[in-house]
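Quick setup: one chain, the form predicted alone, written in structure tokens, and binding and motion questions come after.
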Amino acid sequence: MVTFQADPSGMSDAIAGMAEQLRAGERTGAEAGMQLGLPAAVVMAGMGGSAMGGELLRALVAADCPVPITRVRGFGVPAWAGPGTLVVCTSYSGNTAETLACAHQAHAQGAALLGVASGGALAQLAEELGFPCAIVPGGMQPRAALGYLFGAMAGAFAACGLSADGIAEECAQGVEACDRDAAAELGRRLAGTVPLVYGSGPLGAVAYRWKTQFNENAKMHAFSHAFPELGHNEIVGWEGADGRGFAIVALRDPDEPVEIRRRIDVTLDLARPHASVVAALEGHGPSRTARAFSLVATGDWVTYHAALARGVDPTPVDAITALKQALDE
């Protein structure tokens, strides 16, 4: 008989360390960001867990940022990303093929570059071409290093005028406000479902983080969407969801606009009869940024406990490893 060892690689330690990761990452990123001027536009380039920090930062600062921010998930940056544009290339390993291709293209087009990595080819390229690179600690799964990666980008953004100071600290305070016991209970409830995670505004990006954490931690299918857009399409799908095990997780902020609050309330009422579980969670903390990251941390703990309830190790991602090996053959 094989005994299941719940968390042999210590994913719980990485989740528990997110607040300190954020603070350490911010210091590292600020040093790199001081070498940059204020750009006219920003492109965030990255893949998978390495890209998530940029996805969340973009969602949190876009409304107040003095320049437009877009992102790419693939092998190239837009043709307009040349002089005056900052291309932020994030690869935790430093060896992500798509992100390296973006860095080379951006340099060829005359864009400024910022790297965020634990080392690898991206750090080497930064040294060769002379662009700043925030080096974060290595040896983790990229998704488990979210605090370092987000914190480094937040520190760099503040240093070059793209965002306010102290964003990573606010996020760390939100992480520390997470209710781990409630997250564990919800994770066990969702382990046998197909979760659909919903959020509005910046919480749409947080919902996507939940979706990918269900995929990688719990080895489950999960999906995400955003209010109010989902009221124009996905809400109809609930008509065919009866008995199929779909669950709703609605991520909410106590300061969400009245028109959004009304749409969320009505949507949940309409979908509730068709869902196996409906859970609505509010973020905790003094600011929108803190509350968003309290929900990021909650999602990490929920998916961790869903993994344990399913009897799977939350750390390895064998399918991703197999895909990369097949592509290298």
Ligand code: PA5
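Residue positions are given as counts along the sequence shown, with the first one as 1. Quick caveat, the model's predicted, so the values are computed rather than measured.
The protein also exists as the form predicted together with this ligand; that form is not presented, and the subsequent description refers to it.
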{"property": "Listed residue (14, 317, 19, 312) with a non-hydrogen atom within 4.5 angstroms of this ligand in the predicted complex", "result": "317"}
{"property": "This ligand: the contacting residue among 275, 47, 30, 36 in the predicted complex [heavy atom, 4.5 Å]", "result": "47"}
{"property": "Proximity to this ligand in the predicted complex (heavy atom, within 4.5 Å), stretch among 130-138, 90-98, 199-207, 242-250", "result": "90-98"}
{"property": "Any non-hydrogen atom of residue 187 within 4.5 angstroms of this ligand in the predicted complex", "result": "no"}
{"property": "Residue 174: touches this ligand in the predicted complex, heavy atom cutoff 4.5 angstroms", "result": "no"}
{"property": "Partner contact for residue 142 in the predicted complex: this ligand, 4.5 angstroms, heavy atom", "result": "yes"}
{"property": "Heavy atom contacts to this ligand in the predicted complex at 4.5 Å, residues of 204-235 in sequence order", "result": "216"}
